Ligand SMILES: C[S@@+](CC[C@H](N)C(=O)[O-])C[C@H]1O[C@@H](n2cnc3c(N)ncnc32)[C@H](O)[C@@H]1O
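Below sits a lone chain in C-alpha cells, taken as the form predicted on its own.
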C-alpha cells in the first residue's frame, strides 16, 4: 500500500463497515448526525446521494430518522465496499451502489434532492473539485461532515516509517482541516452555506475506541480527550457544512 487511499487496503475496516451495514454494531455517531440534519434541514429527501458511502451503513440511520421511502445511490472509491453493499441491500430496489471518485462523478447535473458526504473530504486531495461535484449533481441540499477550524492544515499522517527522497511518507492518510472562508470560496455563489456543530455521544465513541484500538491502532481509532475528538495527536474539529442550493 502507498499513497493517500488508506482505506482500500485495510481488511479490518471492511469488516467494521460490513457489520455496521448489517446492523450488528451500534449506529455510527456520524450517521445519526447526518440523518438528523437531513430530516430537519432539507426541503425534500426523496432522492439521496451518499458519496464515500462505504458499505451503505448510513442507510440504517436514514431509515430510522426519515420514516419514509427514498431512492438512494451510494458511491465509493473502494470496490470491496460496493460489492458488500450490493449484497447486504440487494432486497431493496430503491438502493443502488457504484464505484466512483468524488472528484469526477459520472452523474448528470441536479440529479438528487440531497447529497451527503461524511468523513471523506478530510482524507482526499483536491477538495474544491470534490465539493463542486457534490453541488453540481444536487438540486436541493448538500451536507458534508468535515473538519473546520481557525486555520487550514494539510496533514499527512504517516502510517509507517518509510519516507521517500524528499522526506515525504510513502504510506499515509490525509487528515486535513479547512476554514469556513476556504469552503465558502470553494462554493462560490451557487448557494447559502451553514455550519452546524457536530453532535455525538462521547461514551459511544470511547466504547468504540476501546474495542477498535487493538485492531486499528490507538493512533487511528478516534477517542475523546476533554470533550474533543482526537486521532492520535491530531484534534478533530468535526462540523456539518450545509449548502442550500439556489433555485
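Numbering follows the first chain given and starts at 1. Remember, it's a predicted structure, so these values are computed and weren't measured experimentally.
Heads up, the form predicted in complex with this ligand isn't pictured, but that's what we're talking about next.
Note on the interface: of 210-218, 186-194, 38-46, 51-59, the segment with non-hydrogen atoms within 4.5 angstroms of this ligand in the model of the complex is 51-59. For the residues 107, 158, 77, 175, the 4.5 Å heavy atom test against this ligand in the model of the complex is passed only by 77. For the options 137, 73, 146, 102, the one in contact with this ligand in the model of the complex, meaning a heavy atom within 4.5 Å, is 102. Using a 4.5 angstroms limit between non-hydrogen atoms, residue 124 touches this ligand in the model of the complex. Along 212-247, a non-hydrogen atom within 4.5 Å of this ligand in the model of the complex is carried by no residue at all.
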